[in-house]
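Same chain, two versions here, written out as structure tokens and called structure 1 and structure 2.
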Structure 1
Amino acid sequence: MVESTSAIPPVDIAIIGAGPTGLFAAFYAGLRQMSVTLIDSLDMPGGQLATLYPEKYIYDAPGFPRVLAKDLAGSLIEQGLQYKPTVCLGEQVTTLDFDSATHVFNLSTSKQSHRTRSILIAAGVGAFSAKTLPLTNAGQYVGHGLYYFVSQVDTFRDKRVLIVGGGDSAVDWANTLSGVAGQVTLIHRRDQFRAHEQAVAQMGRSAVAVKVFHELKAIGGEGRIEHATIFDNRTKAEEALAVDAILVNIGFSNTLGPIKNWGLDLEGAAIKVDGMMQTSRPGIFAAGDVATYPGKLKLIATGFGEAAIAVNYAKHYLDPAANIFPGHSTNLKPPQGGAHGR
């Protein structure tokens, strides 16, 4: 049910997306004394760093010769939440209305309605969800041996694990789980992998049993996954496997979803912005992978810069007397009980 929140004063900025760009924007808005609501469709902050490749090193994050994605996400979460924004997870944005009398946006989500004076869309590739198995009984096993995400490596400790897929997710998890699970088998429907060649080579040297030209035909078990039937798609020969867990990594669907209907100028699935990260609608800004402009590069590093630009211009949009340039953070006070500004 969507709650009525008209009695609650609007926040200064609602940030859609709690990935690296959205988290840095939340920090920056706090630094600029703005009240913030941070919204994400996923159940945890950190975006792709936390959900897609937490165990991978990132080499192009400024200030870190190399950093594990989950560690970078952890630091961004600590930094982004230090001014105590309202964090709303597991909420997908739906509709947006603007009240021209009060200059307040009413932003509805799958759970509630938010009132905000400005918006920053930092939705990355959009709300994303794992592609699911096209088997009729798959739904009953989700969380009972069938997984589309790994949140705890320990879930697979000493288990017989079947991984489906040939992209980075499947191969990365095969490599990570090979030292944790009792046994790992990976099946892929062809003999070419989308995954990074170094990761594929590492898998080749590991104990992972790799079966190319193989697909999943059936899964079963009493209450939880106990067995799977795979088949060779060249010969149609079937093989029964006793398994405790199946990790399906067959890709993600991502979509801008209802944001497409908010009247913003788009270029493909990206939102067009100007040099101030403003979209075609006043008061709505975009930054990170979802934003496009001539010369755009989709990097975490550029997302950080775009977040700072967007927040400073959102501040100026809300209060034209406010400086656009915030000053250097070394001169700013740290938040109460929070980390020091740099």
Structure 2
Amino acid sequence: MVESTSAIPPVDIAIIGAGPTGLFAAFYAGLRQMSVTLIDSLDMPGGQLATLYPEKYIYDAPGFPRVLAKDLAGSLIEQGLQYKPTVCLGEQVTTLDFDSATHVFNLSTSKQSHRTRSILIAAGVGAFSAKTLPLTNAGQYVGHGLYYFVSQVDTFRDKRVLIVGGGDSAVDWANTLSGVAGQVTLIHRRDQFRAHEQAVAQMGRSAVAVKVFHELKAIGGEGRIEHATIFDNRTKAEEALAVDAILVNIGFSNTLGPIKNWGLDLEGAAIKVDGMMQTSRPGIFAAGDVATYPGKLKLIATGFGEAAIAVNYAKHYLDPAANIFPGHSTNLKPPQGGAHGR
């Protein structure tokens, strides 16, 4: 006999998003002896660290002078899962209902329904996809010399690489690949970069050929990328480049998806929260890149702090007698065997 969903006791908190913020929230909720369901639309935990740029170095994670994204993700996964949350991967959240009689949320996904007493949305930038080149023949070269993500740095070893973009990802990859690829050229349509000053300065000292006010006009090759045409957007002068690979970092398109229909106060594609990380709906909190408030900075470091704030106030929401601040972790006795799951 299959147990009905309504007969399953609700967990204390359902965390939507298994990226850095969601994983740290799962750890902190376990530390506070809360039962947790961790949900992510991806098939693996770790978020963008694990799926978009696993071979990229992260320089602004506390405690690490520099760390590979995949290694940071691995440590966060180990920390986040130590209290045995129920982990549900490959599930896209869809609808949300609230039972006022039991004070329980019924959260539906593409696979099943979850019952929870509170919710933390840590969905990063939401559902995202890379912005692609607006060239008619670009699709045929994806995976054949044209890339939007880097899963293995060795893919570019000794290659002639053209990088398109001027943000953090483009500049960071230029610095990373300058010691791996045979030749790296970066083009950007402006002379101002949307990247950390230190990274831009490092690129300026490297062997990367930087061409500002330049854009990509055409690509071609027999079966895979062999050449590209770039042009100066001031003079319209064109230049042909022999290339083996093109890495495009021109941003992402993102959306909250069904979450935008949950009756939350939004600001663009972000969820508005107060100083306690509470949304406009009681019992629902948000943290990380998906949350916004005055003075917001989208950093991994701030996401960790927001996760701790959200979990502590969620604990107090569930049990008003519980201390909002439980003390430092060195003074807490970790739960034996982990927080209970479903």
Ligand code: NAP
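This one's a predicted model, so the numbers in the text were calculated from it and none came from an experiment. Take the two forms, superpose them, and find the largest set of C-alpha atoms that agree within 1.5 Å; that set is the rigid core. Structure 1 provides the reference sequence; residues are numbered from 1 along it.
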Does the form predicted in complex with this ligand correspond to structure 1 or to structure 2? 1
Using a rigid core superposition, assess whether residue 261 undergoes a CA shift of 2 Å or more between structure 1 and structure 2. no
If we fit on the core, is the Cα of residue 188 displaced 2 Å or more between structure 1 and structure 2? yes
Could you tell me whether the Cα atom of residue 233 shifts by at least 2 Å between structure 1 and structure 2 after core superposition? yes
After superposition on the rigid core, what is the displacement of the C-alpha atom of residue 157 between structure 1 and structure 2, in Å? 11.6
Relative to the superposed core, report the C-alpha shift of residue 169 between structure 1 and structure 2 in angstrom. 7.8
